[in-house]
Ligand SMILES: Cc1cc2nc3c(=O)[nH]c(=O)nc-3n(C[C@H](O)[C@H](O)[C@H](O)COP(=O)(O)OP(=O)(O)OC[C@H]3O[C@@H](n4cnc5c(N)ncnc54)[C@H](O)[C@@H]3O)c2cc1C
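Taking the form predicted alone, here's one chain by itself in structure tokens.
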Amino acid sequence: MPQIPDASNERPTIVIGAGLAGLTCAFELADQGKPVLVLEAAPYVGGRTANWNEHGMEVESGFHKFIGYYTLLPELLERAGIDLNEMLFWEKSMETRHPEADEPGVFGLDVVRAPLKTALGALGNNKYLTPADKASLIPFFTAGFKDYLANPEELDEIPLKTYAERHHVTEQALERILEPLSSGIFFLPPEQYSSYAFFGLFAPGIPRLHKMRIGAFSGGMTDVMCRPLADAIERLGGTVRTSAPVRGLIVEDGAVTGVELESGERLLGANVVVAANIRRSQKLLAEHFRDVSWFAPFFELDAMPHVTAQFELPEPLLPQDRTTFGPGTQLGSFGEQSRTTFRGKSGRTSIILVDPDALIDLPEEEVWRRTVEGLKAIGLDGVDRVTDYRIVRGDENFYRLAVGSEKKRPKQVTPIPGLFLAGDYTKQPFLATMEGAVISGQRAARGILKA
């Protein structure tokens, strides 16, 4: 069987998937002098944090933002020689637009650098959210963070809408604040969204409130983050292969010893890290370990689809490049990107669409029609001047942040010799985020180094 060349003749760890989790694991191993081979099915690295050319238009995997209270991700990137100041534009505020609101809500994000704007945003915006609405959120958040720490399993069984109603959140506060912070980020409507997932997204930021800000990428995520990370792995002696889809695992005497590619090529490794998306990972593992009880909860963990609309215009859709939410419409979160991520375009917008279960199988023309209706409903008629658009969607990349999912997430170290998992669907506190992907990759690497 073909082997990966290595001066020490040590078999490499094979990492399936060059998303952020897989690249993190590979970097940590290479940084410790371990031979590593990353195999990516796509012709580019990045996975769910990627950009590519879609039939002549530059697109991204989704509307992603870098959260200021992340710690391990920025540390990893700096160790890989990536300058965060060049990679990111920090936003000072976010905006919410509702079809029935007299005016948008604008909220400051930077407690340290823009404290007045942040304070005024919380205290003001009374035409968007009344003082009574704001007051109804106080006991909700107080109880939620307490239950997140004390009763996480019970909290995961309660839909966000039910938890909000139980704590007497007003209907307007639910729709104009909680809905953007749930479905606007992870697609699901509040009646399906796990309360544990909701509070879990924000709880890690409480001790780092001074770092609570949002960063927009200064280019496509493959270009400015993931490809440079892959380059760092190769500088350390690792190998990253794209357009190399894996057909299956090689299992001998109950241990994982390598992989077989779709091309028929077979590669042996000291360990194999499955860092593909959730659906692909489940398929690879089920072929050999369907009857292993340790994997049973993971095989029950459901994925959720994602649908985004991305388009170009002859001029910017919005006056600022900042995160915007569209509660009351199918627009989850979106932003103008012509001054940040897609600076070569006169106008460029990406939108996360809400309730992707209802959209995933619709024709592109129908998804686009609904997108246009949503934009016009919040006063953005400039969409009529769109010159090109793409609907980017899939149903394999995200685990469903619905009630009952938390207990089904697997750990990174498995009971199978030679087999490790990495991906934000695995058990770690940052849920389906870039920070979560990094944590999972680092835990998988630590497991390998300790083995």
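Sequential numbering from 1, following the sequence displayed. All values derive from a computational prediction rather than experimental measurement.
Keep in mind that the form predicted together with the ligand is missing from the display, and what follows is about it.
V413 falls outside the set of residues with a heavy atom inside 4.5 Å of the ligand in the model of the complex. At a distance threshold of 4.5 angstroms between non-hydrogen atoms, G68 is out of contact with the ligand in the model of the complex. At a distance threshold of 4.5 angstroms between non-hydrogen atoms, K34 is out of contact with the ligand in the model of the complex. In the model of the complex, at least one heavy atom of R48 sits within 4.5 Å of the ligand. No residue of the trio L129, T329 and V403 has any heavy atom within 4.5 Å of the ligand in the model of the complex.
A single residue from the set H98, R227, R322, R280 has any heavy atom within 4.5 angstroms of the ligand in the model of the complex; that residue is R280. With the ligand omitted here, the record of contacts in the model of the complex names 59-67 of 25-33, 403-411, 379-387, 59-67, defined by a heavy atom within 4.5 Å.
Residues from 15-30 that approach the ligand in the model of the complex with a non-hydrogen atom closer than or equal to 4.5 Å are I16, G17, A18, G19, L20, A21, G22, in the order they occur in the chain.
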